[in-house]
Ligand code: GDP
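Next comes just one chain, in C-alpha cells: the form predicted alone.
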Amino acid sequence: MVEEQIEDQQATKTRTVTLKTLTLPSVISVGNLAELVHAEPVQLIKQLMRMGVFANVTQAIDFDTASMLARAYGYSAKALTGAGQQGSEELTEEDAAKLQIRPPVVTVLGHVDHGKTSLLDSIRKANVAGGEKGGITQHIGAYQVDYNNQIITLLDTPGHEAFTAMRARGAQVTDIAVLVVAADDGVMPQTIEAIDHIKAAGVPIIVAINKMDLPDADPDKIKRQLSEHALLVEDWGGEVIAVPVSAKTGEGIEDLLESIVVLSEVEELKANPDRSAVGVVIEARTDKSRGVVASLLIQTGTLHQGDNFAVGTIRGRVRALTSDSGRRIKSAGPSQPVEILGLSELPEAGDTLTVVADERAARDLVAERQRSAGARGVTLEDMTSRLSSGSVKELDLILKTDVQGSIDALRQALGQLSTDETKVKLIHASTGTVTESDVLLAVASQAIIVGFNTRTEPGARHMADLEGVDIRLYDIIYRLTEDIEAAMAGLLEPKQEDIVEGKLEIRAVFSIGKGKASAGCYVTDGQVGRGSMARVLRGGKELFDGPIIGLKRFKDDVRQVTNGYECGLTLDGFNEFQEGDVIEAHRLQRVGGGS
C-alpha cells in the first residue's frame, strides 16, 4: 500500500489517499490492464484517448502510460524487473550468507557444419560426470561433465534461435557461450548471427577454433575475421579466450574445459541451494507411457520429489525426477539438469518453473502470470517516450537489407545520429528477409526491426504480431533515418490508419431511461463489434465519435453483428440519434513507416 497526501482545493484541506501497489511489466495490453485494475476496457480506451493515445483492447502500452492509468483507479504501479519479466523476481536471492558456488551453465553455438555436435560428443565421452563410462543414457537437452572435480553444465541447444527463444521468454540461462568456428572454413553468416545473439545476451564468449587436425587449418585467419566483428582474442591484445581444438582427435578439449572453469571462477557464479527451487524449461515432450516429460535446468534452490510448482501458466506436482544419466533421484540443485514428471500440459522452452507451498499458491501464481501476460516486444513509439523520458539511453535496432552495400551505407548513416545523450546501437545487421530468428532477437533485446528493400517472411510477421515487435520497412534511406532521428529526439508521432469495419443505418430510436437512448440499426456493410469506435454521421457530417458500450440482438447482448442483420446499439456519451443517421464502426490501427 502507498499513502499519498492530496490537497482538496474546494475544502482547502489535505486528505490521505491509500493507493494499492500493482506490479506491472514494461508492456501490457489494454485488456490485461483493465482486468488488473477491475475496470471495463472501454473506460481505459477513453482515458487513453484523452491522453492522445489510440489503442484497442489487444494493443500493448508501455509502463509509464499503464502506471498513469492505474493511478486513476487507485493503484500505484511498480515496475517488474528482468528480461521478459517472467520469473525474474523469483530469482532474487534474499540472503547473501546462504549463497554457494554453483557450476557454470555453458551453451555451445556455431555454424551448422563447424563441428558443434562433434565437439559436444568429444567432451561428453571424455568427461561424463561422476565417472560413468556408459555415457549419457538419454537426451534431455543438457548434461554435466566433471573436469578435475569441477562440474560444468552443458546446454545442447539446436542453435542460436533456441538460445534467444529462451531469453525472449525471460530466461537468461547461459553463463558462458562457446562459439565454435571451423579452422579451415572461417566466420560464416550463421557464425555472425551467433556472435550478435551472444553479444545481445551480454554473455562472456570463449571461441573454440575447431578442426585443427585438418591440413588447411588457419587459426590466424579466424582470429582476423573475429576482430572484424569486435571479438579481439587474447594473443591479439583483446580479452576473448580462443582455444584451438579438434573434436576428432581430442586435441585442446582439456584446454577448453580449463578455460571454462577459469572464466566461471572470475564470474563468481553463486546460488542458494536452501531455498525453494526456480528453474527453466529446456525442452518438453509427450511420452506414450509417462505422459508429459519436461527437461529443466535448476537455476537456484533445490527441487524435490513431491514439490508443488507453477511452470509458465501450468500447475503441477513433481511425481518423479531423473538425472541426465538416467538415474531416478530425489532432488536436484542449482545448475543441475533434470527431467520431471507431473505436468498435465506441455510447457514451452524458456518457461519459468517456480516451486510454491501448495496447490492454492500454484493456482494464484498461474493466475498472476496470466494477467501479466501480453506482448513482450517494443515499438518505435515506445522507445521514443523512453528516450525522451531518459529511462533508456540506447535505441537498439536489428537491420535487414537487400545487399551488403546497403548495410554499410545505413551503418554509417545511423552512426551519425548518435549523440552524447542517446545512442543508436545495431545489435544485428544482415542481408535477406526478416525471419523468425530476427523477431526472437528483437523480443529478447527489446529492439526494433528496420528493413531496407526487403520483406518480412509470413511466419516472422505472425510472430511479430503475437509478440508486439515493431517491424518497419523502407525503400528510401532518408525516410528510414528520418524516423530513427525523430525517435531519438522524442518527436516521432505514431502513424495511425482509420479502418472502417462496418456501416449501419439507424431505423428507430428507443429511450432506455435517464435521458439515454439506443439506436435500432441495420448493418448495411461489413460488421460491428462491441468495444469498437462508432462515428455518427448526419447528412455526411460527423456529429460524434466514441466507443460502443452496448450491442444487442433482440434482448441478448452480443459481441458482433454482421452485414444484413439488425441490432440495438448504445454509445458512451451520445444519445441524440435520429432515424436516417449513418454509423460507421471503425478502429485505429498503427502502421509501420516508410515503404
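Computed from a predicted model, the values in this text were never measured in an experiment. All residue numbers are counted from 1 along the displayed sequence.
Here the subject shifts to the form predicted together with ligand GDP, a form of this protein not shown in this document.
- The stretch among 298-306, 263-271, 195-203, 212-220 whose residues place heavy atoms within 4.5 Å of ligand GDP in the predicted bound form is 212-220.
- Among residues of the shown chain, residue 150 is not one whose heavy atoms approach ligand GDP to within 4.5 Å in the predicted bound form.
- Remark: residue 116 counts among the residues lining ligand GDP in the predicted bound form, judged by a heavy atom distance of 4.5 Å or less.
- Remark: residue 322 does not count among the residues lining ligand GDP in the predicted bound form, judged by a heavy atom distance of 4.5 Å or less.
- Contact check for residue 111: a non-hydrogen atom falls within 4.5 Å of ligand GDP in the predicted bound form.
- Taking 246, 144, 401, 518 one by one, only a single residue has any non-hydrogen atom within 4.5 Å of ligand GDP in the predicted bound form, and it is 246.
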